[in-house]
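Read the single chain below, which is given as structure tokens and is the form predicted alone.
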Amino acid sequence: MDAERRIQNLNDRLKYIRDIFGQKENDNIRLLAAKLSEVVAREHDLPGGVLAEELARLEDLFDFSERKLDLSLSPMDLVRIVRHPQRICLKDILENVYDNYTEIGGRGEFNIDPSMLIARAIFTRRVGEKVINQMVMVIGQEKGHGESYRNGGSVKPWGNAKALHYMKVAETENIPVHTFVFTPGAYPIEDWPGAAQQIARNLYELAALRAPVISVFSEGGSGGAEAVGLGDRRIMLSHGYYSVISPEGAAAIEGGLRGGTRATPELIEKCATQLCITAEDNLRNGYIDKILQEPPLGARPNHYDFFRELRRELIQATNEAVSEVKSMKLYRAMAVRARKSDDAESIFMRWTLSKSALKRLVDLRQRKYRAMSRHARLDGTGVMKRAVAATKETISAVHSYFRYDLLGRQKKRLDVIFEELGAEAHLVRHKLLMPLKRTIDKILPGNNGVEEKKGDAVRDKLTRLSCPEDGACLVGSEWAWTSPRSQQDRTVSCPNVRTHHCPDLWVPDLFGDFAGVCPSCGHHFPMEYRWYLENVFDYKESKEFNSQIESINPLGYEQFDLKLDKAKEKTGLKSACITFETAIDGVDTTVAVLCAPFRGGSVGAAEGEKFIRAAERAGRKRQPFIAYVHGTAGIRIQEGVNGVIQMPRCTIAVRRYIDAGGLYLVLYDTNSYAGPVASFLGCSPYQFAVQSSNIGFAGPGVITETTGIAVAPDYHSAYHALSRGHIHGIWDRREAKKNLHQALLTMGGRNLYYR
């Protein structure tokens, strides 16, 4: 029986090796197959002792060959490793790394989302004569070992909502959070709370979560990974991958494939290499803190030595995150910094933190992400201009401090006192002096007519519509900028002609006076971003900044330099983001625009940096911050993780701005999808959309291909987004400026001193 078990084990190992290397021809694999077949053929002819020796030699050969094959793994081989059913999963880690745990939020398939696993776990350690239990909250995607109900670790929106709930529980209980990223990507559906919206909420809360967060990456697929991956320490397994998109998805985009056509294996391998998805790539780029070495060809459930190493690394990383912010560090902090993994178990450090330490923890986390991806963009601003800009920023910060913080606080206090005294005086006057006034008015009735007229004028001013003669209060027909399409002498039909019987529209009127809006049904035809710049944001009178920050090709992605040059020449822009200061009806405002003509409005390192600087500038100058999204196709895949890391980076910048009391408002137009919507755009408390825009996590084609579900034509429409609570209002394009000004006067945080 022992021989049969050992032969079966060798058969399983050979099958695993073949699964990893796919159709690749390899002499080592052929040798292992031949040797195993030879032993199996002679199994019943060999004496027991001889067979045992043969099996021992064959096992040694397997060990040697696995180590040799491990050195030749390609990035796509690593992808196949993390996808294999024999790959370790989160349940294996809970069983072998932690000393005890209780699964919460549902178990197995009786769970709101079985692909998201939550557990309260304990590390039990002996320090001297004392046994100490240290609690942590474990959160991560659970792929299992082939269980179909786990959905391959693809988490639905309510699964990420469950994860966020228990992150907040950990914050309340002052215990660390250990997150494990085992996902090919989030499940792309918009059912409430919506895939994009929920990932944005998770990122927003993680940006300032007052608890140490340690993240372990095995398979990190784009936005699904970021939903739980924003950590103080990020550890990556040596055979894992972390990417903006799957290699197959990148190959489909690069090959322009449609209608379910499959990319060739060669193109998929090429894209996997170009995306720089391996642990070494991510460590070199600064997006993870450490690589944890796995056994040859990846960790599997029987690799108990690996689980011991993972346990030590989790304790070490948690000690590091905690010791870095504790006020009293002493000798233990020096020992932790020495990073001797053998000592990790013997060093005891309390993982509960004071309020001041938690504040320092959040600040360090935010500064860490702020410093990322500097190598992935080009800043062509000269030295002198940088020095002048830095001086202006300092002066602006000092001015804001004295005007709004130092003097402004005292003014606010005095205003409150005078308001209270004024309210008291008004009540006293009303109760004591009004009866006397009415008596005098009866004796001397001459002033009654004047008072009544004043009262009628005030009442009329308070109750009438803002624009009674115009009805809808639309802006006049003389726009500052009209679309070049208005020069075409032809007619077009409205898409709603069958349902609303709209007449044909003459193009000069449609794209001139009508601003691209059908006067019959209100359908909005796509309009150039320049229309908004000039007619809504008064771009000619604005002050653009950071215009020299330029998109580059940080991964050396094949032919992407040519595509970037073409986009720059076509649009006259250096990136897909324009940032400037303007005044909307007298209100000074900072604006960031994502322009669809530049690579679909996709976000890379340059766009992320410009967005962050705009948020910081708005906070420094105490101005409201508006993001106008003319359209975005998501994160720029050719930049790999350099692009996807902008999701947490920009979200942190938005969180800092909002926490400081700013008003952050987002206006969507045309088609807005994927990473930006699932992070720094979707986390805004005030989100609006222009009519006929589409908003969501993934396009209809991606959803159908991923889930097998054909979605309705209006699945991503602004009205659908409004009904599920993603956005908070839908605007007519012609009223955008008026509505923005109205929003600036009625919404926002405590630092809006312009009111």
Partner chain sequence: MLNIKELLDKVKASPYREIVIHAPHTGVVEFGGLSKGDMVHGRDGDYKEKPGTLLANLTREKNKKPITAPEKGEIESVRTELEGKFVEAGEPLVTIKHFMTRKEVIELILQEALYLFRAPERAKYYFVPEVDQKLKVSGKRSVKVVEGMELMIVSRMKRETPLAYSGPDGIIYSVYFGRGENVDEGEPLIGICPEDQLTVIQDVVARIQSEWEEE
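Bear in mind the structure is a predicted one, so any value in this text is a computation, not a measurement. Residue numbers count along the first chain shown, from 1.
Separately, the form predicted in complex with its partner chain exists; it is not shown, and the next lines address it.
Next on the checklist: Quick check for you: of 722 to 730, 705 to 713, 25 to 33, 62 to 70, which stretch puts a non-hydrogen atom within 4.5 Å of its partner chain in the predicted complex?
Outcome noted: Heavy atoms within 4.5 Å of its partner chain in the predicted complex occur in 705 to 713.
Item to check | The single option of D305, D489, D405, E95 touching its partner chain in the predicted complex, heavy atom within 4.5 Å | outcome: Flagged contact: D489.
Item to check | Partner-contacting position among E280, D504, D191, E109 - heavy atom within 4.5 Å of its partner chain in the predicted complex | outcome: Among E280, D504, D191, E109, a heavy atom within 4.5 Å of its partner chain in the predicted complex occurs only for D504.
Checklist entry - Does the 4.5 Å heavy atom contact test between K437 and its partner chain in the predicted complex come out positive? => result It does not: once its partner chain is placed as it appears in the predicted complex, K437 has no heavy atom within 4.5 Å of it.
Checklist entry - Quick one: does S493 come within 4.5 Å of its partner chain in the predicted complex, counting heavy atoms only? => result Contact with its partner chain, yes.
Item to check | Distance check, R498 to its partner chain in the predicted complex, heavy atom within 4.5 Å | outcome: Result yes; R498 sits at the interface with its partner chain in the predicted complex.
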